[in-house]
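Shown here is one chain on its own, the form predicted alone, set out as structure tokens.
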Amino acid sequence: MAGAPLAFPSFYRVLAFDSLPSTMDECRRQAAAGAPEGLLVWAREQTAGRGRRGRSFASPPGNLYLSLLLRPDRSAAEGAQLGFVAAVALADAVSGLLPDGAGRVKLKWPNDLLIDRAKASGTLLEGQPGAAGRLDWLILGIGVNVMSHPPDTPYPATSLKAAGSSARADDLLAALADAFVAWHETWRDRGFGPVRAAWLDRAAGLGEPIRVNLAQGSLEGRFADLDETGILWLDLPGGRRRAVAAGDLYFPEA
């Protein structure tokens, strides 16, 4: 296990590793053993990382890979809002580490971060149902391209380094840890409204034509809104409006 030389807010208990197969797997193991909220598993590389829908996730050294254990005592639908909490916090953290970052960082539904319209991060949520329809735990898995990004991806990709930042993974982790605590407290105390407003302020493609790939088929229309629960509203040809709870969003030029 590697040392963690950074100072973290008291919310966190950090387990840092030079290498892990998957931070999600380690965090899930800790959650099942009763680890408290705020456990953060951080690895400098992953050898078997994965993304959404079980896709493999390349995880070379130099980038940021972490999984954070939360115990929100909310329904699964409410817990899913924590993906937007993480996205807004990450946008704040990355913006502060990029030249002219505030105007270059956008969020792609549901919780990817873009720099100059190229993907720089992804977030994976996994939850465990508990009693009375509430979550026993929820894990946020976050991967950010800091020093490198994969070539030949379905969506244009970039890294902080390619975007002109000299930040290291440690620098981003410190900034993200602070930003997440602040936004998590906002969500806990004031609900999803402020998070939704901050997310919409940085939303990529809002009001524009988009394509959403679903588990079966795809939809094309105009990105109309993000509702009060985090669902995307898509205006379809012919004047119909469709709610989309899960899918992969693409822009026409992608």
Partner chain sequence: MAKLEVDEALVRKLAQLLTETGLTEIEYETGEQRIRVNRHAAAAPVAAAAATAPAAATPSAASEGPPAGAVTSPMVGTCYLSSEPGGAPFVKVGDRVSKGQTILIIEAMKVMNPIPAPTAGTVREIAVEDGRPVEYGETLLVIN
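Numbering follows the first chain given and starts at 1. Keep in mind the model is a prediction, meaning the values are calculated, not measured.
This protein has a second form, the form predicted together with the partner chain, left out of what is shown; the following refers to that one.
Just one listed stretch, out of 170-178, 92-100, 109-117, 153-161, contacts the partner chain in the model of the complex at the 4.5 Å heavy atom level, and that stretch is 109-117. If you check the partner chain in the model of the complex, you find no heavy atom from any of V41, L68 and A182 within 4.5 Å. Remark: E220 does not count among the residues lining the partner chain in the model of the complex, judged by a heavy atom distance of 4.5 Å or less. Although the partner is absent here, L236 is not a contact residue: none of its heavy atoms lies within 4.5 angstroms of the partner chain in the model of the complex. Although the partner is absent from this view, T123 contacts the partner chain in the model of the complex, with a non-hydrogen atom inside 4.5 angstroms.
The partner chain in the model of the complex comes within 4.5 Å of no heavy atom belonging to E208. Annotation for 149-182: no interface residues with the partner chain in the model of the complex [heavy atom within 4.5 Å].
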